[in-house]
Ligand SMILES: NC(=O)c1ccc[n+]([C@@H]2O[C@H](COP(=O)([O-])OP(=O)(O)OC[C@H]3O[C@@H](n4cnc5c(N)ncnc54)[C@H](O)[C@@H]3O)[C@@H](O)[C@H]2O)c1
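Starting off, we have a lone chain in the form predicted on its own, written out as C-alpha cells.
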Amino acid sequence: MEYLLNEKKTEIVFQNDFRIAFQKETKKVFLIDKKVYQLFENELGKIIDGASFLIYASEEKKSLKTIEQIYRFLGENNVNRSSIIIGIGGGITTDITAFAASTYKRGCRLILIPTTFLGMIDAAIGGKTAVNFEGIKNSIGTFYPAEKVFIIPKYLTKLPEKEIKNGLIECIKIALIKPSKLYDILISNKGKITSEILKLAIDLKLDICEKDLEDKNERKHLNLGHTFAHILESISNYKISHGTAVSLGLRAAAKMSLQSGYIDDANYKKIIYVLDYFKLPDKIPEKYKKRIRENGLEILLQDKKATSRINVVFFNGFQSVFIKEIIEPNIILEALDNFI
C-alpha cells in the first residue's frame, strides 16, 4: 500500500513475522517504547542493528525534555540526514520519534513500527508528529510522513484490553466519517481485529490525508470527537485515556448534532448504536465536573485546532460530517455536562 503525502511517498508494509530487512549499508538508530522492548526483547533482538534509546511512553514524558534527551542520543551516535531513525511502540512513541526525526538536522529519514491498534490505524500514519507542552496535548508538532510504516499484527497479541478499546474507538470514528463497509465489518467481527479491518481503516484515513496533509480542509474531519476529547484528557491530567475521551467526544458530537437539527433521531441512534454495542464509555467521572467548568474554556481556546473561533466536527448524516465554527465555546462545555 503506497500513498503520496505532499509529494512524499509513504509505504505501508504488512507482514506476519517480526523480521524486517533494513538497508545494511545505512546507519540506523532505534527509539523503542521500554514496555514493548521488555515484552518483545527476543523478537526485537533479531532486527535491532544499531544504537537504541528506550522511551518511557507516557503523556508526561511526551515532552520537549524527552526530545532534548533524544537529540543528545542522536548526536552521540553521529546521526545525520541520511541516517534512518526507527520508532517502535505505541502512539506516544511514534509521535515522539517522528517529531525528533523531523527536526534533528532539519529532517532525517524515518521508519515507524507501531505496536498498538491505535498506532497502526492512526498515530503512526498520516504524517503528524507532536509533543505536549504545558499541559496542552500535541501543541508542538510538525507534518512529516514516515517513508515506511510496518504493520505487524502479532504485536497486538500482548496488548492489554484497555489499549484494544482505545484503538477500537478510533477505528469507529474513522468508520463514522465517510461511507465505507468498515462500520458493518467492525460489528460483524464483534471486536476481533483482523487484517481486513486494519487495512480498511488505514486506507480510509490515508485517502483523506493524501488530499490534505496539513489539516487545512478535509483532514479536519478526522478531528471528529476530538475537540471534546482533548478537554477531558487535559483536565484529568491524562487519567482519562484517549480512547475513553474520544468515545465521550463522539457521543457529545452526535448529541449536539441532533439538538442542532443537523441529524434526525434515526441517524443519531445508528451513530450511537456502535458505541453502545461495544459498551464504550458514556459517563465522565463526577470528580472532573468542577475542573471542566473551571478550566475547560482555557483548554479549548489553546487547542491547536482553534483559530479565532472553535472548529467542531458535527454529523449531518450517518457516515457524513461537516465542520462548524462555534462562536460561543461555552456550549461545548455544556454538551459535556450531558455525560457527567
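Since the model is a prediction, treat every value here as computed from it, not as a measurement. Residue indices: 1-based, along the sequence shown.
The same protein has a further form, the form predicted in complex with the named molecule, not shown here; the description that follows concerns it.
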Among the candidates 193, 252, 110, 123, the residue which, in the model of the complex, approaches the named molecule to within 4.5 Å (heavy atoms) = 123
One residue of 81, 211, 158, 239 in contact with the named molecule, assessed in the model of the complex (non-hydrogen atom, 4.5 angstroms) = 158
Please run the contact check for residue 230 against the named molecule in the model of the complex: heavy atoms, 4.5 angstroms, yes or no?
-> no
Flag residue 300 as yes or no: does it have a non-hydrogen atom within 4.5 angstroms of any non-hydrogen atom of the named molecule in the model of the complex?
-> no
Does residue 97 make contact with the named molecule in the model of the complex, using a 4.5 Å heavy atom cut-off?
-> no
Residue contact check: residue 138 to the named molecule in the model of the complex, 4.5 Å heavy atom | yes
Which of 101-109, 73-81, 88-96, 253-261 sits within 4.5 Å of the named molecule in the model of the complex, heavy atom basis = 88-96
Three residues, 40, 62 and 119; all within 4.5 Å of the named molecule in the model of the complex via heavy atoms?
-> yes
Out of 13-46, which residues reach within 4.5 Å of the named molecule in the model of the complex, heavy atoms considered?
-> 33, 35, 36, 39, 40
